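Coming up is one lone chain in structure tokens, specifically the form predicted on its own.
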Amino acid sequence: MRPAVDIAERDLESLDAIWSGGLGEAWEAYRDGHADGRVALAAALVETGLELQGLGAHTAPAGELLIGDLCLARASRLLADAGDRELQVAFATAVEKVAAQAAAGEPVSPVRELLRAALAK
């Protein structure tokens, strides 16, 4: 079930299928520690997008890769709307870190920990 507050309809457009598959739970986890629901959604989208892409775990099918890309793009727009450049850079740095680790065949850092640290700055 979608939240009734803090998130515009366009923020979740085309993502209904993954809301109950973990995106909603991730949003709640970030929402508990941050006042802005749309920034919490951006964090949840990054986490979910990276998970869908299978970084460090498996090779994702094309459909999951595309939904993961959609999640990352939507998160980027939400962060741009928030107008916090430092937060945008911190989120991008977290994505870069886990992508580089996965590409090198190294264990991938816990994304939620990286994003929570970014939100705490």
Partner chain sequence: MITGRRLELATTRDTEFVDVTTHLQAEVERAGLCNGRLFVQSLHTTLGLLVNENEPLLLGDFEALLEKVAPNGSVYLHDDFARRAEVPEDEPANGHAHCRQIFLSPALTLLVEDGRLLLGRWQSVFAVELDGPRQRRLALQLDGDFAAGRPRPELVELELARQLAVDPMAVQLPMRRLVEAGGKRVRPLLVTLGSRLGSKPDPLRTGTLAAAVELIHAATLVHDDYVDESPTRRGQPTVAAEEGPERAIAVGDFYFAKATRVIAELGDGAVTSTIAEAMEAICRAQMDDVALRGSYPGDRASYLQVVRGKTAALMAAACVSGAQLAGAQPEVVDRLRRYGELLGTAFQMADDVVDYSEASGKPAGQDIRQRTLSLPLIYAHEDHEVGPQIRDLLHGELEDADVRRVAELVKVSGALERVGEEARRLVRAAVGELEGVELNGAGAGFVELAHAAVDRVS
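Positions refer to the first chain, counted from 1. Because the structure is predicted, anything quoted here is derived from the model rather than measured.
Another form, the form predicted together with the partner chain, is not on view; read the next lines as being about it.
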### Message
Suppose contact means a heavy atom within 4.5 Å; in the predicted complex, does that hold for all of L50, Q53 and S76 with the partner chain?
### Response
yes
### Task
May I ask you to check whether P61 falls inside a 4.5 Å heavy atom distance of the partner chain in the predicted complex?
yes
### Message
My question is simply whether I67 lines the interface with the partner chain in the predicted complex - judged by any non-hydrogen atom within 4.5 Å.
### Response
yes
### Query
Does A29 reach the partner chain in the predicted complex, with heavy atoms at most 4.5 Å apart?
no
### Query
So in the predicted complex, does any heavy atom of E113 sit within 4.5 Å of the partner chain?
no
### Contacts with the partner chain in the predicted complex - residues in 73 to 91 whose heavy atoms fall within 4.5 Å
A73, R74, S76, R77, A80, D81, R85, Q88, V89
